[in-house]
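Included below are structure tokens for two forms of one protein chain, each presented in isolation as structure 1 and structure 2.
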Structure 1
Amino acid sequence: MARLVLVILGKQGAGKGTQCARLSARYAIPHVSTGDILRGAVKAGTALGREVAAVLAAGELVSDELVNRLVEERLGRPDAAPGVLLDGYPRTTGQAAALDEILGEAGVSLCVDLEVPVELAVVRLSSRRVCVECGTIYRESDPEAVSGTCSKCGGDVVRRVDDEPEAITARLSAYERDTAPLLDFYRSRGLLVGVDGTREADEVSAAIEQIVAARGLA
């Protein structure tokens, strides 16, 4: 079976993290997000990690060129040989083109766009709470959110600054602006599929798995 490379797109609050965790277990391939790559490189103290640390320490944004190199390094690890779920990368058509070069002839298997209306995304994000240590996401009604303590690692569970209403609106606007060309990029290659992200998580997972199976990807 060919390497399974799934790019997962969707507005903030669309459920990308939830679906990537499920699909990672289903297909036994790693869930790789841009944030994970950056944190992992810095923690590992690799040459690229030191470059990232220096950029972040200076309060600057990590360049596309550096992110592309980090992704290439991550995809070269043994656990990514069978495939990978990419969350938060690519973010631009330039990064998408770089990803094609990294992957070579096989390329991206499928790009899944989790579709949710802005109104629902705002509701989901404003009720989200996150562990500052391990990144586990909770709903505001979950015991961990109420107590402020993560059940997985004991870290503090908080409402992130970028999940405040004003920040949410700005982030969603930026996503719509920046991602539209990326959707066109994968649509023109016949790789883009839209999945209704408003349904229950189990139904969304089943829909993605059906599409993967129908295309003979796994």
Structure 2
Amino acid sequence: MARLVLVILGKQGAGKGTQCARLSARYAIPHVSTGDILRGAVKAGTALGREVAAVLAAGELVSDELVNRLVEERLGRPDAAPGVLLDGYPRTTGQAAALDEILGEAGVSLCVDLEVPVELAVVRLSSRRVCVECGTIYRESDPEAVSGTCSKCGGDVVRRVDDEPEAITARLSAYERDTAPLLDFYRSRGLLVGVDGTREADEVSAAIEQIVAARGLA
């Protein structure tokens, strides 16, 4: 079977992280989130983290060159050989072109666009809480969010800095501006499929798995 490279697109709050976690388990391929990598670097206080901290806090995009380098390094690791789920990357057509170069001839297998209206994205982002250690996502009303302790690893459960209301607005505008052209990029290559992301997580994963199977990708 060829390498399974799934690009998961959708505005913040569309459910990319949730779906990638499920599909990663389903296909035994790593979930690579550039946002998680960058946030991890900020938290660890590495040189990279210090370079990007202000950009992340403002909800702006870091440079194509920087994320392209990060992704190239990540895709070169052995666990990414059978395939990968890309979440939050590519974000611009420049990054999409760089990804094609990184992948070589086989390229991207499929691009899934998780479709949700802006209003739902804002509601989901405002109520999202995340474990700083293992990245598990909770809702504001979940016991883990109320107690502030992750039931999986005991880590702190917090609201992401970029899920504060002002940052949410900035990120959604940046998404429209920078990422919408990606839909055209993948549509024109016959690789784009739209999936209704307003449904329950189970139904959304089932829909994606059906498409992957129908295309003979896994």
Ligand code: AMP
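For numbering, take structure 1's sequence and count from 1. Note that the structure is predicted; figures quoted are calculated from it, not measured. Note that the rigid core is defined as the largest set of C-alphas that superpose within 1.5 Å between two forms.
Here the form predicted on its own appears as structure 1, and structure 2 shows the other form of the same chain. Relative to the superposed core, Cys134 undergoes a Cα shift of 2 Å or more between structures 1 and 2.
When the rigid core is held fixed, the Cα atom of Val62 travels 2 angstroms or more between structures 1 and 2.
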